[in-house]
Ligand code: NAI
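So this first bit is one chain, no partners, the form predicted alone, shown in structure tokens.
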Amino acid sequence: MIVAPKIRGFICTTAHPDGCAKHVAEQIAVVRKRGPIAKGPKKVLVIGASAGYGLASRIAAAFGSDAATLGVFFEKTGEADRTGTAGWYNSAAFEKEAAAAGLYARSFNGDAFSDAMKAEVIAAIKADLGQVDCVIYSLASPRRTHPKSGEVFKSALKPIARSYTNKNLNTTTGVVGEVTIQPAEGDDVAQTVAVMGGEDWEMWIDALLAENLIAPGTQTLAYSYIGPDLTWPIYKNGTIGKAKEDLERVQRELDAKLAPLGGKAWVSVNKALVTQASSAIPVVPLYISLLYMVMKADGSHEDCIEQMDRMFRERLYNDGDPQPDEAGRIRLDDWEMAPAVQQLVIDRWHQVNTENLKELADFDGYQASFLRLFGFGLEGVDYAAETDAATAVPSLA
């Protein structure tokens, strides 16, 4: 079939198999160009491995450190007349590239929150790898079914205590307007913490420890975001911020559990980027568009793969010096939060409107990055040609 982008709000309902494969190949090329990652991990489990930071983590580990990787995700397969999700095609492309490089890669498609998925992955580690020496936790889901109680939790992206009004970008029309978000109510905070907090991360590590599948010196890492003051009411100080606080609580508990093995748990605060998750958060797309303009101009812009390559190369496996902040977090948002960068972004935030959007913000870059998430807009891909929407992930075929 011939595949074109179909955008509905902040979601693209189609994905291009060849475009996704090209996007994966470009990310692999970034890592290979930078050379081997000295003392990098060799047996890596990535939970949430099909897109964004999770996919980039899997690529950086495999093609920077020759690591065997297991990837867990929840994606939809394609059919002859209907495309699968971008994450499905990303994973298919990753496995094919890994096989060509002689690297072990095995994927698992299903509910990462479930006990059944944990048991399936544990069985694979026992059979194929023996142990893992790095566990990346990068799940981004709007809901979670608790594996013990069966209760279904739904996250809410809301401020706490009072409503929040600020500028907002309609990413479909390019109109800069205003949005008001009503505050959390009822159990919104608890629901969001249950979905996006650290409980499932801890369950994964506990399950691996119980089966002696964590190698000495193993590092585990979960991803977070803080951002500038202007996004704090909807992010850092909102419901999602409470979930991230819980993630840091769990990080401290996992630190204690891994200490007897010489292991370490980390929370990494990453840069604001166009991802399927960030595009859904009000206010954030306008901030990212402004940020892209500033960081591209000063040469400090990074996408997911540059961030995760820097994570493995300069922080996690840099002779034991991840350069944590005063709270013990790894700060890969250091270039984003540089005072000169933030001052320019905030100045332009106050000035930006629909008429001067493309002068002050990289809206074209935002839209291009969004489309690339789904395999569109990649050079060298013939989008007028027929493509196979039923492309398989080899280890799941």
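All figures in this text were calculated on a predicted structure; none of them were measured in a lab. A residue's number is simply how far along the shown sequence it sits, counting from 1.
Heads up, the form predicted together with this ligand isn't pictured, but that's what we're talking about next.
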**Prompt:** Even though this ligand is not shown here, does A62 get within 4.5 Å of it in the predicted bound form, heavy atoms only?
**Reply:** no
**Prompt:** Is D309 close enough to this ligand in the predicted bound form to count, meaning some heavy atom within 4.5 Å?
**Reply:** no
**Request:** Determine whether any heavy atom of A51 comes within 4.5 Å of a heavy atom of this ligand in the predicted bound form, and answer yes or no.
**Result:** yes
**Request:** Determine whether any heavy atom of S138 comes within 4.5 Å of a heavy atom of this ligand in the predicted bound form, and answer yes or no.
**Result:** yes
**Message:** Only one of these stretches, 119 to 127, 174 to 182, 321 to 329, 220 to 228, has heavy atoms within 4.5 Å of this ligand in the predicted bound form; which one is it?
**Reply:** 220 to 228
**Prompt:** Check E75, D111 and L273: does every one of them have a heavy atom within 4.5 Å of this ligand in the predicted bound form?
**Reply:** yes
**Complete:** Students should find that, of N168, N237, S278, S155, the residue having a non-hydrogen atom no more than 4.5 angstroms from this ligand in the predicted bound form is S278
**Message:** Quick check on this chain: which one of M196, C134, L286, L208 has a heavy atom within 4.5 Å of this ligand in the predicted bound form?
**Reply:** M196
